[in-house]
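Consider the single chain below, provided in structure tokens and representing the form predicted alone.
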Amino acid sequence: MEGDLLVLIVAVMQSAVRAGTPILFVCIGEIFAERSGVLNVGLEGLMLVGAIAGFTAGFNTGNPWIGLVAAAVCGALFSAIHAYATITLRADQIVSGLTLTILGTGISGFFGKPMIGQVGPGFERLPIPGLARIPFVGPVLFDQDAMVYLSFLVVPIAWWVMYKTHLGLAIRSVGENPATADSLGVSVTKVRYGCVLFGGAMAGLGGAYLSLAYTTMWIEQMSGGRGWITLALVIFAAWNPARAVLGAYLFGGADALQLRIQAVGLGLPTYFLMMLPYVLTIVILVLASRASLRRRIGAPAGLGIPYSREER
């Protein structure tokens, strides 16, 4: 009995890592965007654009890595719409982000319609020799696909850039007080553009994971609300790339657990189990809506506020 329980725990945690990986990619990108002061609620649309771009490129070339590059490029280009609207034109960031979601959903639906049901190349599991045999930890962390391993590299690099480099200092200063950063010679426009485009590329990678690794076929609206979950996860992580890992796997674990519970058949309503990840999202957003709590957990002071040098 204990052996069966251990097997179940390992299986759930292994699935949690896989389910959390696309959210983790998107979260890292959004942390950089929000740290620079730009909120992007269009992550759902960006993920869908990345998913269809990655699947289409991978399907037509037979190479998932080409699909991955295509997803990142398309995600960055699509996010440029949001960057131009909010940074150059100083449009409302919420409205612009919602527009991205609507556009992304429509674009993926249009170009994905001929692809429905098609099976393309994907990233298969790639156990790391030796490490994959470590009890408990091995199957969870080292018996995964290449994109999961890529996420293991992205997180420490993102943390190092954010907290140990001049670029990271510039990003954080622009997000906290853009006027002061500007007076010190930091280009607020360039930093914000770069962070938004990077966030779009990472959202594209998150979407590509869904169509090239998590599944290897195109399913309409396959992001399934993960873009909205990521917005809550950024708050949960307190805008820190290292903490995003815990949050992503927590949400992934909730998703994996509800699937396992359904498979076991405990008699709980299916829709109740499916809403578990979203309940966590709502709870976090409600708690974080308090201004005092946002300040306490380190929300950038300039988040969502357009900047103009003429209005300093």
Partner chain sequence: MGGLYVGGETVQITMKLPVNIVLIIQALILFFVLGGDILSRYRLAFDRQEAPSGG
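Residue numbers count along the first chain shown, from 1. Everything numeric in this text was worked out from a predicted model, so none of it was measured.
From this point on, the text means the form predicted in complex with its partner chain, which you will not see here.
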{"property": "Selected contact from Val95, Ala179, Ala146, Met217, since only one has a non-hydrogen atom within 4.5 angstroms of its partner chain in the model of the complex", "result": "Val95"}
{"property": "Interface residue in the model of the complex among Leu150, Ile128, Leu167, Ala91, criterion: non-hydrogen atom within 4.5 angstroms of its partner chain", "result": "Ala91"}
{"property": "Contact test, all of Val49, Cys74 and Leu77, partner its partner chain in the model of the complex, heavy atom 4.5 Å", "result": "no"}
{"property": "Segment that reaches its partner chain in the model of the complex - one of 105-113, 128-136, 234-242, 206-214, heavy atoms within 4.5 Å", "result": "105-113"}
{"property": "Close approach of Ile81 to its partner chain in the model of the complex, 4.5 Å, heavy atom", "result": "yes"}
{"property": "Partner proximity in the model of the complex: Ala201 to its partner chain, non-hydrogen atom cutoff 4.5 Å", "result": "no"}
{"property": "In the model of the complex, Leu100 touching its partner chain (heavy atom, 4.5 Å)", "result": "yes"}
